[in-house]
Ligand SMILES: Cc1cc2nc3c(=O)[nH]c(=O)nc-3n(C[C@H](O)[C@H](O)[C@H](O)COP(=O)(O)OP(=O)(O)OC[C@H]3O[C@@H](n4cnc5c(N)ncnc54)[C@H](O)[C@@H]3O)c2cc1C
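What follows is one chain in structure tokens, specifically the form predicted alone.
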């Protein structure tokens, strides 16, 4: 298939997770042309949901928190729009859950954006004043490149572009590591109370890190639980047979014999939670090459951190483009 150039965008954003969507929204609001490229069929990254026989399950992030004034305004707007509602937690430390699922938060952020889903990027290349981003089917040109995919994926794409100016970006990306996680979703015949709040977090997260009760999140029409593994279990069993992984998690749950399971589904997350590091930046950039990377690899490894990292990076991109396009 012959690849061809279409329009030249002001910014191409790699990844339609929360950071990528937040950044794209800010750039579009600044009057810039933006294309978001996402390899999966949906938006949101780990703010993800799946339906089992019609019942929604959040198999990635279970809730969203707001610890800073800026993001609190975002959550307040989502509350007003009835996109989220308080799940549990004392005043000032509430956990909010999306309606009808966590993925609705991402869908709201993506409204009106130009998102190309199912686009697996094969290479990126900086040519003079433009970035050329190539997939199997097409080649896209952009004046700037903002990567919001997990740092290991960004590092793989950028290695071939290594030069003296980009060494800082490559070195920083190499320091951002993630733990794996496996999530087991089980649709039940009848409600099953996990805890008073509907959420159980283990002090020692092995082999199970958390258990969530969908009854508390969604109502009695879709009873179920989500068991998320700890990083050690996920690392050992990530490539194992899905049936054996499911059995391992169920056997590790002390109350598994009380469950009346109708159906199950398994989700593997290769880049589930960013490990602690000493990076203090909100994002990293090489303005000389019009290159940025943002996401939950910076600030805090939560939805709030990803969102704010995307915003800060977008503000930097917009400022550089404004200067360059004068």
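Numbering follows the first chain given and starts at 1. Everything numeric in this text was worked out from a predicted model, so none of it was measured.
One more form of this protein should be noted, the form predicted in complex with the ligand, which is absent from this view; the next part is about it.
Colleague: Hey, in the predicted complex, is residue 149 touching the ligand, heavy atoms inside 4.5 Å?
Modeller: Yes, contact at 4.5 Å.
Colleague: Since only the chain is shown here, I'm wondering whether residue 14 would be in contact with the ligand in the predicted complex (any heavy atom pair within 4.5 Å).
Modeller: Yes - in the predicted complex, heavy atoms of residue 14 and the ligand come within 4.5 Å of each other.
Colleague: Even though the partner isn't displayed, in the predicted complex is residue 37 close enough to the ligand, meaning a heavy atom within 4.5 Å?
Modeller: Although the ligand is absent here, residue 37 would touch it in the predicted complex, with heavy atoms inside 4.5 Å.
Colleague: Is residue 153 a contact residue for the ligand in the predicted complex, using a 4.5 Å heavy atom cut-off?
Modeller: The answer is yes: residue 153 has a heavy atom within 4.5 Å of the ligand.
Colleague: Give me the residue from 67, 51, 277, 273 that has a heavy atom within 4.5 Å of the ligand in the predicted complex.
Modeller: None of the other options qualify; the answer is 273.
Colleague: Heavy atoms within 4.5 Å of the ligand in the predicted complex: which stretch in 284-292, 59-67, 27-35, 257-265 meets that?
Modeller: Result for this chain: 59-67.
Colleague: Going through 285-305 from first to last, which residues have a non-hydrogen atom within 4.5 Å of the ligand in the predicted complex?
Modeller: 295, 296, 301, 302, 303, in sequence order.
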